[in-house]
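One chain is shown next in structure tokens, namely the form predicted on its own.
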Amino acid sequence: MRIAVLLKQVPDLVEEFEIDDAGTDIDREFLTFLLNEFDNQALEEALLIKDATGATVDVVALDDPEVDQALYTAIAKGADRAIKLTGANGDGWLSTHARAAVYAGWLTGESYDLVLTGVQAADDLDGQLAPMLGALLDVPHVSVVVGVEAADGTARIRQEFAGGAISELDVSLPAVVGVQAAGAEPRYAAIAKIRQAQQEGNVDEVAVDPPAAASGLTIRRMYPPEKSDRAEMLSGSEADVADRIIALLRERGLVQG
């Protein structure tokens, strides 16, 4: 069995974000980038399948900022091969639609039983990469997945619904899966193993074409959150703060008495 895990770098959410000069994106020049947390879950789920079945796990990413670190870390955790697709990003940051087109174009020439990706990414939250890949590749797709057991050309997939309800689906392979949570916490990669992967240079670079045309939503303008002075910071003892909260609620007619 061969598994591809698609990885994406996203800005560290502890950073201070500013809008770029064009007003259509955040300024990414001085940001720190981390592996998308849901992609980390997808990687762990793939490694769990490898532990259970002996599957081969490839990690694949576009040439995003600082992506080499994520690929080397995946190798240190147990991935068999790391592939970086270069040339697709051009001068800008690709939307989910464009990423799906690039990945689908590359995957069409490959042979995978499972393609795993995070259910969504922290910088867009649209959750569309897995379903669009399934449509472009014309294979089954399941998202919001919390467990995968694969064998003999099929996969039993656990999908989570609102309120924690779980359904089990039997899906024919190949298939695309959007992982929300792995069956175990993502494993730790020792620094020594990451450095060893870096020294061995275990990242294959593959040139790909950028998407033919823009698709999906077009961002016309972004604005920072509005600032106001309507917030009131309360200080003093617990009793003083409680009295002030009650007084404010009474002033607004939200409580009586």
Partner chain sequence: MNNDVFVIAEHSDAGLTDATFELLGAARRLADAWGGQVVAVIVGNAGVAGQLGSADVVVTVDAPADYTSEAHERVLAGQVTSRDPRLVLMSMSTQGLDLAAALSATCDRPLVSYVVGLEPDGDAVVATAQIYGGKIMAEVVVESQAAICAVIAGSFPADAGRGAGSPAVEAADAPALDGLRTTFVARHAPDAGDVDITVADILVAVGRGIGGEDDIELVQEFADALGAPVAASRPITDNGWLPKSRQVGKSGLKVKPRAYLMFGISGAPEHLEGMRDAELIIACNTDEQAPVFDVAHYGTTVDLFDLLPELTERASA
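Positions refer to the first chain, counted from 1. So that the term is clear: the rigid core is the largest set of C-alpha atoms that superpose within 1.5 Å between two forms. All values reported here derive from a predicted model rather than from experimental measurement.
Not on display, but discussed next: the form predicted in complex with the partner chain.
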Looking at Gly147, Gly105, Pro140, Gly87, which has any heavy atom no more than 4.5 Å from the partner chain in the predicted complex?
Pro140
Partner proximity in the predicted complex: Ser167 to the partner chain, non-hydrogen atom cutoff 4.5 Å:
yes
I'd like to check something about Arg28: if you look in the predicted complex, is any of its heavy atoms closer than or equal to 4.5 Å to a heavy atom of the partner chain?
yes
Please check if Arg81 has a heavy atom lying within 4.5 Å of any heavy atom of the partner chain in the predicted complex.
no
Close approach of Met132 to the partner chain in the predicted complex, 4.5 Å, heavy atom
yes
Only counting heavy atoms and a 4.5 Å limit, does any residue of 238-252 reach the partner chain in the predicted complex, and if so which ones?
Glu238, Ala239, Val241, Ala242, Asp243, Arg244, Ile245, Ile246, Leu248, Leu249, Arg252
Relative to the superposed rigid core, does Asp12 relocate between this form and the one not shown - that is, does its Cα move 2 Å or more?
no
Is the shift of Asp243 between this form and the one not shown large enough to count as movement, that is, does its C-alpha move by 2 Å or more after the core is superposed?
yes
In the predicted complex, do the Cα atoms of Arg187 and Asp126 sit closer or farther apart than here, given a shift of 3 Å or more?
farther
